[in-house]
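As structure tokens, one chain now follows by itself in the form predicted alone.
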Amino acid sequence: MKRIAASIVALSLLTACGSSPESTDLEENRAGAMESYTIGAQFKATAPITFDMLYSDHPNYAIKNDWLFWQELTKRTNITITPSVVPASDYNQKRSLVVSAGDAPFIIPKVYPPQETPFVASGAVLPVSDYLDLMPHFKDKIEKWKLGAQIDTLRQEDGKFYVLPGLHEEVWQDYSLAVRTDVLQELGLAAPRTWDELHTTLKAMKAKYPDSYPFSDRFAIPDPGGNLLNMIALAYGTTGGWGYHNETWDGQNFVLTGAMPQYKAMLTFLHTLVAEGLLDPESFTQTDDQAKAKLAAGKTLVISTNAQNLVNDYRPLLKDGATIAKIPFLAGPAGEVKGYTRLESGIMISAKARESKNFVALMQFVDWLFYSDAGQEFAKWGVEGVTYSKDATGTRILNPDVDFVGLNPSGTKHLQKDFGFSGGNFAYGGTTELLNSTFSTEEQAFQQGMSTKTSIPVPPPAPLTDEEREQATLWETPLKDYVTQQSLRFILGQRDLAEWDAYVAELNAKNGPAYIELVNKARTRFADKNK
């Protein structure tokens, strides 16, 4: 397997670094493009160009036409973005509709692989891997950060990939649990570092406050237990919640996730928390606002969080000297592990963009804004001298009147709301230094703790043919839905875990083994092709 994996990585790097026939026949598509565009170059179109873009509008920082982001972007690049604005809550559905109908804007951001897969067979989105010679910054980061194996996980059966992912220098774990630290101090307890220690902590909290659920979680909609199951599954050596896949790589083969002994052990642990009154059963159905209201009222002491939730959502809610902090990412039976992926949500390019006279300029622009160090710094921090400055060491500092994630609470303006920077449509990926640059001291300590954990292995590619994908689609959703449904029943005690064997038989009857056989067949075929 090591030889095969190395061959696949070599293939991906070769593809990333070389030219392809598709990308060389572009003489009619170079209007506005730079004649010489290389690593470190500031992209600026040779004539003004307007590109349309699908835009996910976040309610916490709703889009404004007069943002400095838009003005400065045009000033630096000669590109004007025309956003097709969609509420974040409807974004996935709207994106599917416009892409399937062939009406998508040229730039389609916030695509979490494998969300691009349904659009491949129809030809609605561009095989971006054919045009990487137009994107020197993207290629450079793949090579420099040794991301070949990660990129390979995006490849379809034709060997191409259709989404340009956000690229991180290192594995980044943002989500963890937030715990009322004043209560820990009251009980004489340190922050838990394992799931078993969390169990002990919750029992101590329950003993002190018997009428409460110590742990009541958020992120239940649309994926019940989205973050909770994602985190604990990793600790148990499987997948769940936001990270759930019907197939999990066990080091030798893909296996059916919902039937894994590790998956059962995870559900058993969560069931114990619910049965002992430590985990609120509504954690899997309530809205985020309901979960936050319980925290604000002191009815709960533990909740899922990320760095921004902690500062923006939770701390302003607490009263009477209550304090809360993000605890270390909890370890479990799988050890001190973290995820493997250094890819983030990315960008699809509409297939119709290929026929535009400005196609080369489009790819250069995307490369600069999303993948160059300068473009990433701009999208995240804004304009030096206006939103931030640099000290003698090069450290970025928000200007006195600007706040972001609580770094400058006296600021009267907000980097996202008032200027449009650090928004989810543009600012993701980059160096670890850039990632850490907006973190508080406590978040930097959390990230330092994550750096000592071991990344789980990258699963091998297993791209399906169009015919296999059509068959797999008939099996995947019913399998996932049934695993989700029965997982909640096991956790909440609505189904006895003594029925596990019967449940596995039910998964088998829903074509679980056939699906896994299909995936492993695809894995073997791809490996054989790329020896």
Partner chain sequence: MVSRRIFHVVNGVILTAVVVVTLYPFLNIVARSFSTEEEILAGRVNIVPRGFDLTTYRLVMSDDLFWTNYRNTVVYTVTATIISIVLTTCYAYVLSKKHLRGRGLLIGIAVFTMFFSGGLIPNYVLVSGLGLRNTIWAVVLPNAINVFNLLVMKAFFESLPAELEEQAAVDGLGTYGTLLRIVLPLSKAVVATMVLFYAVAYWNSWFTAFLYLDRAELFPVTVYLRNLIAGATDATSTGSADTDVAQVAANIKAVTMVLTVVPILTVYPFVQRYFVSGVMLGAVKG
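Please read these numbers as outputs of a predicted model, since none were measured by experiment. Numbering follows the first chain given and starts at 1.
One more form of this protein, predicted in complex with the partner chain, exists but is not displayed; see below.
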So, residue 63 and the partner chain: in the model of the complex, are they within 4.5 Å at any heavy atom pair? yes
For residue 59, is any heavy atom within 4.5 Å of the partner chain in the model of the complex, or not? yes
Examine residue 313 and determine whether its closest non-hydrogen atom to the partner chain in the model of the complex is within 4.5 angstroms. yes
Using heavy atoms and a 4.5 Å limit, would one call residue 145 a contact residue for the partner chain in the model of the complex? no
Among 77 to 85, 394 to 402, 157 to 165, 208 to 216, which stretch has residues whose heavy atoms lie within 4.5 Å of the partner chain in the model of the complex? 77 to 85
Have a look at 308, 437, 389, 253 for me and say which one sits with a heavy atom within 4.5 Å of the partner chain in the model of the complex. 308
Could you work out which of 433, 355, 103, 186 is the residue within 4.5 angstroms of the partner chain in the model of the complex, going by heavy atoms? 103
Contact set, 171 to 203 vs the partner chain in the model of the complex - heavy atom within 4.5 angstroms: 172, 174, 175
